[in-house]
Structure formats: C-alpha cells, structure tokens
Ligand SMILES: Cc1ncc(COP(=O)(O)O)c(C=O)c1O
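Okay, so here's just one chain, in structure tokens, the form predicted on its own.
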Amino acid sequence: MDSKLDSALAMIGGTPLLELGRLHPGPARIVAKAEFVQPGGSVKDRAALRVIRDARAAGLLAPGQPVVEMTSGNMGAGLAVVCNVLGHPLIVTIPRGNSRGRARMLQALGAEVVLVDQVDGSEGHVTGADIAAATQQALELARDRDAYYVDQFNNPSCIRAHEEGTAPEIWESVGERLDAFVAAVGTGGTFVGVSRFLKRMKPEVVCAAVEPRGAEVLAGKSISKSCHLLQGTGYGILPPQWDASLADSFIAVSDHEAMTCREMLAQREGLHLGYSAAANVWAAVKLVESGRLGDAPTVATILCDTGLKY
C-alpha cells in the first residue's frame, strides 16, 4: 500500500483519538484528539489550512500575496506550514509574553516575526490588552504590505474547520456513546465548531467550556487574575464568534492544576503537551468526578499542542 503524501498539508486533520486510561483508569472514559501530531504542532493547523483555502477560493488571497496575522504562536505555526506549501510570504505579530519556543518555531519556518511589547502582561502571561496591541500592529502591517489579514478571532473559516473536520472525526470514533465534550476557549473556534456539530448529532451532549481560574468571563465572572499560564486561551474578552447557547457548563482550571496535569500526562501517558491541553484534560476529569454524567460516561477533549514550544 502506497502511504506517500503529496505535501505536509496532507498531514493536517485525521488525528488519532487517544484514550487516557492511565491518567484516569475508568470506568469513565476520557478520550482526546491528538492535535499536536500535525506539522505545525497544534490544533490551529486545521484553522490555518481552512482559512487560506477559503480565502484563495473566494478571491481574497491572490497567488504569492503576503499573509498577516496576530498570533500567540500556534495559529502562526499552522499558517507558516500552509503558506510555505502554497507560496505565500507570512508576517506574524506576537506579544512578547508568549513562550519563546513558539517564536523560535515561527522563525525556523521562515515567518517574519514581529514581537510586540506587552501592555500589562509579563513573560509567560498574555492579557487581552497585549492581544489588542499585537492585533493593531498586524492591521497596520497588512495595510502597508498589501497583505491578506487572517483575523482569526472574526474569521468564520476557523469555526468551519472544526465543525466540518474535528467534530465529525470525534463522532465517527465515539458516536452515540459520547456524553460530553470539553475544550478551552481562546478565539472560540474549536469549542464552537465542535460543539455545534455534536449537538446536531446528539442534543443531550454536555459541552463544557474551559477557562483559566480568575479569568472566567464566559461564566460571567469578573477578572481577578488576568495573567495565567494557559497561553492562547482566557484573554478576558468575549470572543466575537462566541455562541453562548452551546455552553452547558464552565470549568475553571488554575495554573497549579494545569502544571500538575501536564506532569501527569507526561509521566503516565508519555505525552509532553502544552498547558491548555493539560487544562482540557484536568477539566474533563473534574466533569467526570462531579457525577453529573453518571457512573461511566465518555468525555472527549482536545490535546491542543506539543509541550516542545514552551
């Protein structure tokens, strides 16, 4: 059987669904999409590919035209992979507080990286104000370079990537046995897209949104801790494409809990992952242990990215 692929783009999507039985031995099942195995190292590869393909198909992105985006790192890496294969120069703005490993990966992939000074965050901790500053810089660069601006927070292609890709893959593997879906919210693309599909297939599926403890704006709480470790999530803002009707529950995860679960995933499952992936798994365990889903539920979540970027 010929297993050769024609480019790195063929490695995007179709990720394995792993059962985390060593971290949480049952009778409940926690299963997780291994999004970190994609060429850009994260779940954002799916959105990057869909955004660029949709823009080209709609005539918004011409052959060879530059692409600009503000990123915490993961969307930028996904875009770098896609843009390299399809022939588009990529310029990204990134708040200085994001992990240096992400910036190094972007540079290694040939992206032009513009580091933007933070407004009120610190190294390893990025706030909504930091994101706004990096976004403004991206808008100015897109105008000056005559580039296509991705605008992941507002781009519906980011939701479609998960509604038409990630979610059907989960359903194909688990189907009617699925009781809940758990995911951290940054732009909201993964949570909204996957939840929208799953609820069409099985309306009683519980969809739980994960937020950093102290930055639980989706749950309607005031911000008491704007700086946290869960990069790419919990910016203290309501994402423009957020659909509150899809969220049945909100689960807060502290920095300590994310760090603890990250160590457990490495030591028990052999998985070196990022903090948001660990937060997703910890939240899934919390939901199972709450008893809300019964004695032996099946909960799906997302392993967002590799720990090699931190």
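Everything numeric here is computed off the predicted structure, so don't read it as measured data. Position 1 is the first residue in the sequence shown; the rest follow in order.
The same protein has a further form, the form predicted together with the ligand, not shown here; the description that follows concerns it.
Peer 1: Can you confirm whether 74, 189 and 233, the three residues that make up this candidate site, all sit within 4.5 Å of the ligand in the predicted complex, judged by heavy atoms?
Peer 2: Affirmative, all three are within 4.5 Å.
Peer 1: Using a 4.5 Å heavy atom cut-off, which stretch among 85 to 93, 213 to 221, 140 to 148, 178 to 186 contacts the ligand in the predicted complex?
Peer 2: Heavy atoms within 4.5 Å of the ligand in the predicted complex occur in 178 to 186.
Peer 1: Mind listing which residues of 278 to 303 have a heavy atom within 4.5 Å of the ligand in the predicted complex?
Peer 2: Contacts from 278 to 303: none.
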